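Consider the single chain below, provided in structure tokens and representing the form predicted on its own.
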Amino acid sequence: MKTYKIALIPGDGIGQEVMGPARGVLDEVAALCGFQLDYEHFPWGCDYYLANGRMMDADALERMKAFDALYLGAVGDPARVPDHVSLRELLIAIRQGYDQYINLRPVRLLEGIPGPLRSASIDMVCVRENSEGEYAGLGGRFKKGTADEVATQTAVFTRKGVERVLRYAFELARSRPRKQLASATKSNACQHSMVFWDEVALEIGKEYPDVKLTSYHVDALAARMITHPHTLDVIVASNLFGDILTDLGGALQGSLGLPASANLDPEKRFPSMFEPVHGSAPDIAGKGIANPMAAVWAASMMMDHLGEPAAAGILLAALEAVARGGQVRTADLGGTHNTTEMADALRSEARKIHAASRRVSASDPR
């Protein structure tokens, strides 16, 4: 039986609560599809930091190279560890260390879950540059604590980095029926980095005459996501702009318990990382009510990346069925069901979907 090695990093807060139930759904689907997952648990996160003075082991990146994928829960415990420490020393360290230069986030309103907008047609994908840009980490603080204090944060845009994220976005747009790409910029104010971004987008766009490229100032694009979401298909953005736009996209899905994220090295030189985007949610941590749907969606993206489209499809179809059915709802969706009950509902739907697909295959005269 084919086996994939998965590094499991539950992390902090509700990350620890959703990963077990979501893993149960994933394992069920893997068994149905004829493969298995071999997990190794890594206890890295804020508790580990407080005990050891670091967010993960010094040799963490070297140790995880042998895995097929990383499955992350959440990072952050701001009451005890500053966010800039927990984020940069674990999540960003992995993204940059493994050159996971694509952050891929589907923004889709599932039938049966009302979003905050009147529009029922929200189906877009955000491609965020994930390795440099505004999060490169260059800068410093000088004369700290004095009246003359200065803080600098330098954004880094390389031709290699900009070209590869734009090319990935063009390829994705070409593969979708609408063949539309919206590029987020702010070239009226950022006369170096964003003018460069726009120029490269136009250059690469010449190779994709079948894809319609539209450049939007990022503030106008954020407004369009709210006022005309049905007009958007694939969005490409720099690290900071993409971060903001994708969180807005998550809100449009009706709950932050739904959106999922993939941190990809498309060339598969290093393992890619998959995570829900709801964060550690300290306000509900420990209550057992966190929604595992985003973690299951992330698992679907992981299966797709690993070349298991049948498993990815079953996981996504199970999410759609539970959303459409409306009988099981966690607190973020206005219900009273807990994390385990939601995961059980997803497992049940996954079994039904697999059984139905087998019946269809058995009746196919081919």
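The structure presented is a predicted model; accordingly, all values stated were derived computationally and were not measured. Counting begins at 1, following the sequence as shown.
Absent from the display: the form predicted together with a small molecule. The rest refers to it.
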Counting any non-hydrogen atom inside 4.5 Å, which residue from 223, 190, 87, 256 sits next to the small molecule in the model of the complex?
87
Partner-contacting position among 161, 250, 279, 229 - heavy atom within 4.5 Å of the small molecule in the model of the complex
279
Within 4.5 Å of the small molecule in the model of the complex, counting heavy atoms only, one of 114 to 122, 71 to 79, 178 to 186, 201 to 209 shows up; tell me which.
71 to 79
State yes or no: in the model of the complex, is some non-hydrogen atom of residue 136 no more than 4.5 angstroms from a non-hydrogen atom of the small molecule?
no
Looking in the model of the complex, any heavy atom of residue 108 within 4.5 Å of the small molecule?
no
According to a 4.5 angstroms non-hydrogen atom cut-off, is residue 132 in contact with the small molecule in the model of the complex?
no
Exercise: residue 233 in contact with the small molecule in the model of the complex, heavy atom 4.5 Å
no
Mind checking whether each of 95, 128 and 275 has a heavy atom within 4.5 Å of the small molecule in the model of the complex?
yes
